[in-house]
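Below sits a lone chain in structure tokens, taken as the form predicted alone.
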């Protein structure tokens, strides 16, 4: 299963980027093989719709789980519509959050955590 983590860098020692739509990029981690790849977020400087574009990138790359700091309503709706589980309010290195996910220590979110319509950060 592929897990997409918003990241400030291109390896597992990078920090989780607190933003989803305007993060630096995504680490796509395969939980079955423990291999990963880095996808730069081309939407980072978009004038609008960054969350939707970033979400589509994640969907197109086959992720079934997203781990990030916070997520806006448009990106949340795209990911939720694709059946992707979203875990938010996460900090630390990419490797540490993967370990925490595997240990069941992360909190799944059921709504956007920032932006219009959000009920506040988790």
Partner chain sequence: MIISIASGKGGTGKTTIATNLAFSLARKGHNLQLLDCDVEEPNAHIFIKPEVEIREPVFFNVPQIDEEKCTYCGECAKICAYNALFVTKGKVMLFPQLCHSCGGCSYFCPQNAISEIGHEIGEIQAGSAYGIEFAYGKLNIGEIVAPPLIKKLKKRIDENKVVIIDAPPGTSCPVIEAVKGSDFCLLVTEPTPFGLNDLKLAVEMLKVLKVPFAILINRWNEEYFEIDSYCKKENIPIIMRIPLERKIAEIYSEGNLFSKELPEWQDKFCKLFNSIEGLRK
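It should be emphasised that the depicted structure is a prediction, and the values quoted were computed from it without experimental measurement. Residue numbers count along the first chain shown, from 1.
Below, we refer to the form predicted together with the partner chain, which is not included among the displayed structures.
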Original post:
Just one of 27, 50, 90, 65 has a heavy atom within 4.5 Å of the partner chain in the model of the complex. Which one?
Top reply: 50
Original post:
Is every one of 46, 56 and 82 in contact with the partner chain in the model of the complex, taking contact as a heavy atom within 4.5 Å?
Top reply: yes
Subject >> 4.5 Å heavy atom contact, residue 74 to the partner chain in the model of the complex >> reply: yes
Original post:
Can you check whether residue 78 is within 4.5 Å of the partner chain in the model of the complex, heavy atom basis?
Top reply: yes
